[in-house]
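Take a look at this one chain, the form predicted on its own, written out in structure tokens.
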């Protein structure tokens, strides 16, 4: 059996600068246990913007947050829908999450 997460996304021009770190605050997201609430928030619509440490889950449309800057090839977990996601750079240059399983 092949694990799809073993095949990482190779991106030319991999960034070598250190990743930014972020302090996360509780956003009131109550669909996960309290200790994980700071890692998720609700998408507030077209006027909302994503930070360099955030990506939208394509399954449940919840914003997944990280304490580190996200880059293509990173893997994240969406606890509300239990999806494992891989970060890729979209055609418009923004970071997007693709479902691994």
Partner chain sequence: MADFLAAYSIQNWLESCPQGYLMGTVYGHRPGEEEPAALMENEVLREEAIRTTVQLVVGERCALAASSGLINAAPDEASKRFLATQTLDEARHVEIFTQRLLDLGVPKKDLESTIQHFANPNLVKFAEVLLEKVDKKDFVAGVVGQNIVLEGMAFSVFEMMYAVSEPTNPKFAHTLSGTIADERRHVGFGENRIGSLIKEHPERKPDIEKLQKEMSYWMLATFADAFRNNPARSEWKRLEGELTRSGAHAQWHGADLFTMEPEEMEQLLADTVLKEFKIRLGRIGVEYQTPARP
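Positions refer to the first chain, counted from 1. Everything numeric in this text was worked out from a predicted model, so none of it was measured.
Another form exists, predicted together with the partner chain; not displayed. Remarks below refer to it.
Among residues of the shown chain, residue 26 is not one whose heavy atoms approach the partner chain to within 4.5 Å in the predicted complex. Contact check for residue 31: a heavy atom falls within 4.5 Å of the partner chain in the predicted complex. Residue 65 falls outside the set of residues with a heavy atom inside 4.5 Å of the partner chain in the predicted complex.
Contact check for residue 51: every heavy atom lies farther than 4.5 Å from the partner chain in the predicted complex. Although the partner chain is not shown here, in the predicted complex the stretch 71 to 94 places heavy atoms of 77, 80, 81, 82, 83, 84 within 4.5 Å of it, in sequence order.
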